[in-house]
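Listed next as structure tokens is one chain, alone, in the form predicted on its own.
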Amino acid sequence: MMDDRTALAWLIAMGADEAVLDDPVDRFRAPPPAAAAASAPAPARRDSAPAAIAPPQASRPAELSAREIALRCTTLDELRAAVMAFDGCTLKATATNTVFADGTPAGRVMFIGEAPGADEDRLGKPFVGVSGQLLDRMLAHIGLERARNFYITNTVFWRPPGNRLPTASETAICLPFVERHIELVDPLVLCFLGAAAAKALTGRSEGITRLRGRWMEWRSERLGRAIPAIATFHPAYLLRQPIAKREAWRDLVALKVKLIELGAASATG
């Protein structure tokens, strides 16, 4: 039986970040008369001047601020510094390190995953744990090496508590940085690792089993061309479901063929 302190620590580790009531609260319903009277401000005295009312502060969503910041970045170094300084995503408060990217942006292939895990958070680099090691071995079989000819990042830059999935809000806040990341790298081909990345960057709603192996296009008004994109299983999924490696291998072969078609054979060995 856990004591209260241990139970609270467990909830925080699993990603709980707010307390809720047993029953939903309808905040659009008018309060009962007694409550309304109790909360109503006292009438101003006739011999006193009315209190000054501060103008309401305009709301500024974090994703809007992130977009403005991201668009001002003209180099990857500037974008990295902007992400490191950004405090608009609550994930940053519980993470150890900002996980920006790894590999070489000159490699012409850009992989985008979901979120950093514990190893990535500790080392500050994406895909360095067991799943990342599996990915490196698989990519080596089609001539791709992280240090030489591919680049890799995630849809969020900080580890969600307890390795939970990033929320839609957290992904939306980071998305302008991710989109600007793609624009600055300007890869020949994109590869989305898992459904979360594919859905966030293409707007598709299908699951990964339907999305994988199909060529799509990623577009930006700031780039003069569409970037071919393909989705495949996240390597963490392949560790849980080794039988899916066969389909993942087909996706990687299709990626290799596309690179050859686009004249990037020299970039993949």
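These figures come from a predicted structure and were not determined experimentally. When you see a residue number, it is the position in the sequence shown, counting from 1.
Omitted from view is the form predicted in complex with a small molecule, to which the following refers.
The small molecule in the predicted bound form is approached by residue 131, whose closest heavy atom lies within 4.5 angstroms of it.
Contact check for residue 212: no non-hydrogen atom falls within 4.5 Å of the small molecule in the predicted bound form. Within 4.5 Å of any heavy atom of the small molecule in the predicted bound form lies no heavy atom of residue 103. Contact annotation for residue 187: none of its heavy atoms lies within 4.5 Å of the small molecule in the predicted bound form. The partner is absent here; in the predicted bound form, the one residue of 139, 89, 83, 115 having a heavy atom within 4.5 Å of the small molecule is 115. Just one listed stretch, out of 74 to 82, 119 to 127, 179 to 187, 90 to 98, contacts the small molecule in the predicted bound form at the 4.5 Å heavy atom level, and that stretch is 119 to 127.
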